[in-house]
Ligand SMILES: Nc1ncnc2c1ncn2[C@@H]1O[C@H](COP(=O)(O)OP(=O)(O)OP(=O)(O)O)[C@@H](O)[C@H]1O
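As structure tokens, one chain now follows by itself in the form predicted alone.
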Amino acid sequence: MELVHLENVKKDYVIGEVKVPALKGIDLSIDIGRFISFVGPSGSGKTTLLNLIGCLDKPTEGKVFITNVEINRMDRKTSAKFRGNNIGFIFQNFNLIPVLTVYENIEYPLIMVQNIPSEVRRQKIDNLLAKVGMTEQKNKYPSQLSGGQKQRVAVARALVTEPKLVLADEPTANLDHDTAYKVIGLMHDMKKEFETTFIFATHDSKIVGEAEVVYTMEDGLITKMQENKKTGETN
């Protein structure tokens, strides 16, 4: 079943008096429960594409659909609500709130976007803490955690609202080799359990090797689509 659909999506940025095309016409369909990677050099359009899919920006031309909803037609308030209910984000620099504990960082999206009783929140958070192996650190602050632990918290925070889609921009860039593979494995486990679709923008060969489908981007266009034969699946 299709989750993400883009039709002739273009995005221009204006810098001074110069128009800079970041995306030059993207047509794309991604099904539910996939593990997808976008690769390409800096400036190829990967992050811009994730921002459009994530309701963080709007295309200059074209249409973006998530769960058959045309998100580029939404106003800011509606877009924020849709994003909070349907999309999780994992960032290169973790983006944890330093004054909140591990538990509170994971709880934050539930408080912000959903009217969920505290006992239900506790059960959801405790469940995810166990899955990401951070139960014993739940009362610690981000400054007390290693890079790998911070990313585990970020994964849990992205999944706590049970989103249909998680977008990850260079999520392993600040992690060592072994920790990166552990985090990737954790996301694979989450995909299987929740049927969450993961879409990555990355330079990391470890993620590329684990993705089911790899899209190569150059100069604002998708120039290649390659199935990872390890999965035995097709897009």
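Take the two forms, find the largest set of C-alpha atoms that superpose within 1.5 Å, and that set is the rigid core. Don't overthink the numbering: it's just position in the shown sequence, from 1. Nothing here was measured: the structure is a model prediction, and the numbers come from that model.
Keep in mind that the form predicted together with this ligand is missing from the display, and what follows is about it.
Across the proposed site, 95, 111 and 147 without exception lack any heavy atom within 4.5 Å of this ligand in the predicted complex. Taking a 4.5 Å heavy atom cutoff to this ligand in the predicted complex, the contact residue among 37, 44, 172, 196 is 44.
When contacts are judged by a 4.5 Å heavy atom cut-off, residue 20 counts as touching this ligand in the predicted complex.
Under a 4.5 angstroms non-hydrogen atom cutoff, this ligand in the predicted complex lacks residue 63 among its neighbouring residues. The shortest heavy atom separation between residue 192 and this ligand in the predicted complex exceeds 4.5 Å. When contacts are judged by a 4.5 Å heavy atom cut-off, residue 203 counts as touching this ligand in the predicted complex. Look at 27-35, 173-181, 206-214, 46-54: in the predicted complex, residues with non-hydrogen atoms within 4.5 angstroms of this ligand sit in 46-54. Once both forms are fitted on their rigid core, the CA atom of residue 79 lies less than 2 Å apart between the shown form and the other one.
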